[in-house]
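Take a look at this one chain, the form predicted on its own, written out in structure tokens.
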């Protein structure tokens, strides 16, 4: 465990920084490339801890994966859905995205696998997703209360299901799409609310047939011949969000973030800060790319409180701790409504967010369906803070430290390696003492 001592002075942002490739897209690109026939080449790949676990898992399942760390390239020779049988457990540590999507991948393999996780995932139930995949015809046998370790034996006779979403969860949806590609009949997902759509986009790009309508997603059977593709991953918006928040809140700041992903299901924070009075410039938008991207230009601006509706919440799930910080420094009150589904998914993150910001003098109300933050709160350091091994909280606390000249310690700072190992080094490149 490592601690990070913040500086006893305030900063502003100046210059340009390129954020690493999108982690959500990368997870999925590895999986589709591994399942496909032929070669997939991925450019602008980020070598973060979470993704290293996903790479290791699919190497064990038979995919040949070559990495060129210096130029951020990855080449995958897929297994054409012929996953390798294993005589040892697949260890996925605490990578929640991998767990959910892997369950869908293994649903269509007749090999028997045991999936093991780290301390966090071993305590996190999966009963809802497991029940849906069982309905399709796969076998899942947990050893402890529907959590990991899990014994999984898939089927080559999966049947599509119709699932009326009771939880707006992109990982459950993605797992069912990955299983549905290899089912013998169509899989239909009746949507509660739209969620991140990277899985649908990449499934079609690699050769599946997934149609997306406002109310329903249909995975059409008979289109499981995936083919390797070339893919450039845009900059990770959730990483860019840290710089966006910091530059907006730090007087005198102006920063440019090149080639950031602009998928409409990921950029909810841009809509939120627009509601709060900010104007973010977007230049050099991409044309004819698999996932859209552009250059973001951010200047310091005065913000005011707003009401964030339930329909917006699935698009800001990673940025809620950051939005809480933004709201505390804006004028007026900010309310995030309809967070029930998110609370079910990341209750620990929300509780820890409130606890650690309170140590910096920032108070808020966090309920199971609403967050309320009053504005114009002064940062007054009362104690050192802790990331709770949560990379989003760790990076948000780094941004908070820039807004005060009162130093404090961030415990367990290494949590940032999960998604953005070079964050502090990149941050220091664009910070200027006021």
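Residue numbers count along the first chain shown, from 1. Quick caveat, the model's predicted, so the values are computed rather than measured.
We do not show the form predicted together with a small molecule, though everything after this point is about it.
So in the predicted bound form, are 24, 97 and 392 all sitting within 4.5 Å of the small molecule, heavy atoms only? Verified in the predicted bound form; spot residues all in contact, yes.
Closest heavy atom of residue 260 to the small molecule in the predicted bound form, within 4.5 Å or not? Residue 260 lies outside the contact set for the small molecule.
Does the small molecule get within 4.5 angstroms of any non-hydrogen atom of residue 108 in the predicted bound form? Contact with the small molecule, no.
Is residue 345 one of the residues lying within 4.5 Å of the small molecule in the predicted bound form, judged by heavy atom distances? Taking the distances in the predicted bound form, the answer for residue 345 is yes, it comes within 4.5 Å of the small molecule.
Contact test in the predicted bound form: residue 250 vs the small molecule, heavy atoms, 4.5 Å: Although the small molecule is absent here, residue 250 would stay clear of it in the predicted bound form, with no heavy atoms inside 4.5 Å.
Using heavy atoms only and a 4.5 Å cut-off, determine which of 126, 171, 328, 306 is in contact with the small molecule in the predicted bound form. It is 171 that has a heavy atom within 4.5 Å of the partner.
Name the stretch: of 59-67, 24-32, 376-384, 401-409, exactly one has residues whose heavy atoms fall within 4.5 Å of the small molecule in the predicted bound form. Going through the listed ranges, the match is 24-32.
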